[in-house]
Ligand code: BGC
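A single chain, nothing else alongside it, follows as structure tokens in the form predicted alone.
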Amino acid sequence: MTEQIEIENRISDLLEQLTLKEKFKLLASHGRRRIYTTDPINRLKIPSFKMTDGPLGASFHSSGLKKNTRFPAPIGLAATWNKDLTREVGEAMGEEVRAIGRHMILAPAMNIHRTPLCGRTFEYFSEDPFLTKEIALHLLKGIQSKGIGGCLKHYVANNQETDRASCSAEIDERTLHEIYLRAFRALVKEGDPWAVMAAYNKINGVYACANKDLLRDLLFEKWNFNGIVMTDWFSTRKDQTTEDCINAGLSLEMPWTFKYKIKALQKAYDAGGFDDETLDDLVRRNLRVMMLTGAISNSELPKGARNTTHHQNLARRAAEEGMVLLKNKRGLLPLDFESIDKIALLGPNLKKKFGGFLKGGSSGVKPPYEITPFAGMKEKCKGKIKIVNDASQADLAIVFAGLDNSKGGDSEFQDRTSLNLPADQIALINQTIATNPNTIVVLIAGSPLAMDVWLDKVPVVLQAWYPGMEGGRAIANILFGDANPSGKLPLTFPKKLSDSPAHSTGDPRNFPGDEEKRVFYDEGIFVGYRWFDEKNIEPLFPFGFGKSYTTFEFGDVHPTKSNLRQIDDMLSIEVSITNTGDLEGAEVVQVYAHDFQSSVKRPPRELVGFEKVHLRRGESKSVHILIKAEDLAFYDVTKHDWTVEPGDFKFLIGNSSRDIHLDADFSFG
């Protein structure tokens, strides 16, 4: 508290010394060469504020062309369902950003997976706002524990790349708050982020950067956010005005000025477009973040470090924990050195490197090295198993298939056009399985893929996501059992595109938008598994699904109390679980809530809690999962706020949204 008071006093002192022009100068980057830095005010010893892109680590193009640790893609982090591990990754990212002399990383990216075709699905966490919140919160806390600012993006409803700079997300009030704003709200309240990035798109016809309802009224006033709101890069538009952006709460325009040119600001100010109080509030926010991150500081800053052995090992461990074993027929995995003489390694992603300059867009991280699947397998098999490229001559074959970060795949700027793998990859998988019945498919991709034409034939499928710079070693460790897969899907894999809510009608008004570039979110709150449960659609693989090399048995469930009385109340659920298999492993205990009777339509189940537990062979543990009453709430459009209605609920406990082992009744009110 004393430090906070000292910061506010220093801000007030600087505000009194700043001229009007200097205040204007703090609201934008005015130099064409300052793409990721603001202008200094040398007279008052206010330095440039420096940022770097994320969220897979400090991006190459925005870090002074420095090579940095490339961590697994955020969707892979979410697939770990491991909050502590995610915080460690955040701490490591913070250290790397500090080491390159930056003050903020533009992460975490928190948009909801509305469509499996979104080009940036790999950068986002989940289709579920609760899982998104929990993983993003721990990543943010890790980053900011190192004195580096985290920036929540893209606020809000930036759920597609198609026409992202001009489309309007048409969303009803309940859906906007309950699905797309929910994780942002939770992070502001629980994580105290130092920045939020406004999206390119419009929300119900109003651009995010000039949306007073969502910025000043909701974010600043109702949620008590004290940081800055910055533009996405080049996101201010011709039909926005300088005064609209100022009054809405836009604190920083990047990378250089369109609406916040000194002359434009002076003209709007002289015309009474905004007042001194509004201006000073935005300047104060910028100064506050500069002090919190040490850009303006008299104190000793946390030490930075990059490309350390610890960071690289952490990247590998996170990749291993996030990989999802989708199928393991005949117990083919883990592989046994003693029973294999030859392995055939095939596929377009076998020797591919995914890190590099702008690979995938602004998230591109160029690491000092990258272990490809081929390199990882070669290292693992050296002196033990011969690697060949003819499946017919091998004991088993592994096809490394999937997508990459080129446009039309998993990449910024362009959405995918199909759920299917490229035709040549499908042909390769079918050809390989026809030649060798022991065929394993490893999918390196950041979004769901259709598998209908080959899944039934293939005994093993491993979803590796984009596993980062140590990915090849992580994959090899999973395949040979040095690491037991424990990842769970953070989004539903549909059998076909039309099963997904945004594509269920085939009407372009739902995706990618009508002739006026309006995208209608007609599915409402029924996004992801909520839609599949409500419509009774069988997914290819359900939300929360993932296999292990061992087995687990759920025992008893004991809530600490059977009644919650008010929205800030909470309880703990104790679940016993035993590793009944032959190997050490980890399971994710997932808790969903079902509301028996509600005045509004609610999904059949909603994720409200989870914990990941590691168990030795034969070990049993009691897992305690905290459940907050506010996570049982829905957004009431009559009150324009969150509410939990009195009544009966049921907790559904399992290891996926479709695999429920236990239940427990409770009530509210």
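From 1 onward, residues are counted along the sequence shown. These figures come from a predicted structure and were not determined experimentally.
Just so you know, the form predicted in complex with this ligand exists too; it's not on screen, but the next bit is about it.
Checked against this ligand in the model of the complex, the candidates H503, R164, R284, K547 yield a single residue with a heavy atom inside 4.5 Å, and that residue is R164. The contact residue chosen from N484, Q144, S362, T372 relative to this ligand in the model of the complex is S362, the criterion being a non-hydrogen atom within 4.5 angstroms. The shortest heavy atom separation between E523 and this ligand in the model of the complex exceeds 4.5 Å. Under a 4.5 angstroms non-hydrogen atom cutoff, this ligand in the model of the complex lacks F634 among its neighbouring residues. In the model of the complex, E606 stays away from this ligand, with no heavy atom inside 4.5 Å. Taking non-hydrogen atoms only, K259 never approaches this ligand to within 4.5 angstroms in the model of the complex. Residues within 4.5 angstroms of this ligand in the model of the complex, judged by any non-hydrogen atom, belong to 153 to 161 and to none of the other stretches in 153 to 161, 414 to 422, 395 to 403, 241 to 249. Residues L106, R120 and Y200 are all found to lie within 4.5 Å of this ligand in the model of the complex, as judged by heavy atom distances. In the model of the complex, Y36, D53 are the residues of 34 to 56 with at least one heavy atom within 4.5 Å of this ligand, listed from first to last.
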